[in-house]
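There is one chain below, alone, in structure tokens, taken in the form predicted alone.
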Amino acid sequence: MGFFERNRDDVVAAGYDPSRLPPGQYLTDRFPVLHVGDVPEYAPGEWNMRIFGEVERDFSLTFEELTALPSVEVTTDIHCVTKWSKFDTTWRGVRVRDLFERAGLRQTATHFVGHAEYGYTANLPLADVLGDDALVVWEYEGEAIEPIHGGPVRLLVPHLYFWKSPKWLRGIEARVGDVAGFWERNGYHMYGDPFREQRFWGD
């Protein structure tokens, strides 16, 4: 029996519903660190985030302004394209749809791009960031998100592979039409559904 089969048996033995674990994934209690580039450092008051694109009112928020907005807490599973999954992770942040509502999202918008440090981007259909669990987050397990995991602020879109939830978020953009993000230009799937194993072009 191989590693993945043993791990899936362990998932069942631990009392989890095995359907929570996508095909080709293994469950871990760890939170592996994977990213492109150096971990950014911010001076006090330096970080901000812009909401822009197909909106009526382009605006920016400081960290203090973001965290002062009404927030929600979600507990959800996350799945990395490198094949690890982690169950029951808890995050706090502001729903993406609430930020777009404040900005006046135009009906012409069809897609979304998350903009992060170093020019990193991740693209999504707009519908995927308008649900209850798509958040701009600043807390993980009740604490500030560690910089290595994307702090001070990252995107959370937990129903897709975690590269679609970029670390060190600096902007959210509504747009007309799709455009490939960083990893998508480098061979990753344009959508990234873990339950359909949409890891790479052609999957």
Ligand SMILES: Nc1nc2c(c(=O)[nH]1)N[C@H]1C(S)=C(S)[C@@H](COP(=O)(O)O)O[C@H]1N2
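Please read all numbers here as calculations on a predicted model, not as lab measurements. The first residue of the shown sequence is 1; numbering continues from there.
What follows is about the form predicted together with this ligand, which we do not show.
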Of L34, A144, L69, V176, the only residue with a heavy atom within 4.5 Å of this ligand in the model of the complex is L34
Kindly confirm or deny that V55, R102 and W138 each have some heavy atom within 4.5 angstroms of this ligand in the model of the complex. no
Flag P166 as yes or no: does it have a non-hydrogen atom within 4.5 angstroms of any non-hydrogen atom of this ligand in the model of the complex? yes
Is A116 part of the interface with this ligand in the model of the complex - any heavy atom within 4.5 Å? yes
I'd like to know whether H149 contacts this ligand in the model of the complex, with contact meaning heavy atoms within 4.5 angstroms. yes
Residue contact check: F87 to this ligand in the model of the complex, 4.5 Å heavy atom: no
Just to confirm the contact call: exactly one of 154 to 162, 130 to 138, 56 to 64, 43 to 51 touches this ligand in the model of the complex at a 4.5 Å heavy atom cutoff, so which is it? 154 to 162
Could you list which residues of 171 to 203 come within 4.5 Å of this ligand in the model of the complex, counting heavy atoms only? W183
